[in-house]
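First, one chain by itself: the form predicted alone, in structure tokens.
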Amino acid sequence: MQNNQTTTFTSAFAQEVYEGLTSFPKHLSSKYFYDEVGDKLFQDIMAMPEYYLTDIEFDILDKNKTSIANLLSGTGEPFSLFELGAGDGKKTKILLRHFTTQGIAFDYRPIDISQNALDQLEHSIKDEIPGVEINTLQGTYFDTLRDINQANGRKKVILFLGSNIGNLLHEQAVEFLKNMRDSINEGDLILMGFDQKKNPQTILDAYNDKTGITAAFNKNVLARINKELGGNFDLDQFLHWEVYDPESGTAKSYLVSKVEQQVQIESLGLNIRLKQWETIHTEISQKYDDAVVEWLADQAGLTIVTDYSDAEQQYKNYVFKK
């Protein structure tokens, strides 16, 4: 492997690819699955029958929208609704429509790493719910949390749906929740989705569908390296592999090299050697129970206000305060 010590990185993507592929074991961040192609693939994943998370959370928000609206609007003062990782906003639109029809005073500030996703969301909101005041913010969660902290005046409500907190190991999740706590004031609220532990096969099927959509989504990070950094990954020479540990509640995604191969990434000056069956770790999807969520909240200095769930307790949306 060639390590060029004088490499200057033109983007966070370039730096994290360099660091991840020169580490042992190799790893790449799942946040880089998302570009125009990745956004479409994830929308396809959310529509799969195996991917239970979207439909269950959609139903939870729909059935509890009145209770949620009463909780978030409180005494009736206007509030700003921030959403981390907004995506296509399918589930959030349930709340936006209800808030609008009830005359609740709020503005919507979706945040996403993908500008393409934000542009599509803004267009769809203006078309479908024109009464919503929308102000998009492009960036990573950690960068935009600092922006949220600087948004003074209005009460803040932060949405973090889709169990995206599960992309973080517990230690990282505690740090993330501490950052969220520091971004809100007394009286502000956080509404966050947590996928619950369940039949391990149900979880494996959700992240390894037979049609190969999830595999294509996982491999999209390699396609982005090829397109944006001058890489020459042969995507057909990698296997998408998913594992789940029911004890820890951790699902992990890997790209596994089917053959011994060398890959060049021109803009990084890297020549990477992969042994046959060597892995590149790309994502974790943590699953939870009440005890774990209570522990995370306690460690982060947050209090659980209430939670909303489906009848089978497969998924929960918890509300936190400072």
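Quick caveat: nothing in here was measured; it's all calculated off a predicted structure. Residue indices: 1-based, along the sequence shown.
Below, we refer to the form predicted together with a small molecule, which is not included among the displayed structures.
- Looking at the small molecule in the predicted complex, residues Tyr34, Leu53 and Ser285 each place a heavy atom within 4.5 Å of it.
- Site annotation in the predicted complex: the residue of Phe238, Tyr207, Tyr244, Phe106 reaching within 4.5 Å of the small molecule with a heavy atom is Tyr207.
- Contact with the small molecule in the predicted complex, defined as a heavy atom within 4.5 Å, holds for exactly one of Val292, Ile45, Leu61, Ile265, namely Ile45.
- In the predicted complex, the small molecule sits beyond 4.5 Å of every heavy atom of Phe194.
- Interface residue remark: Gly162 is counted as part of the site for the small molecule in the predicted complex, having a heavy atom within 4.5 Å.
- Contact between Asn220 and the small molecule in the predicted complex is not found at the 4.5 Å heavy atom cutoff.
- Contact check for Asn167: a heavy atom falls within 4.5 Å of the small molecule in the predicted complex.
- Only one listed stretch (182-190, 124-132, 111-119, 209-217) carries heavy atoms within 4.5 Å of the small molecule in the predicted complex, and that stretch is 209-217.
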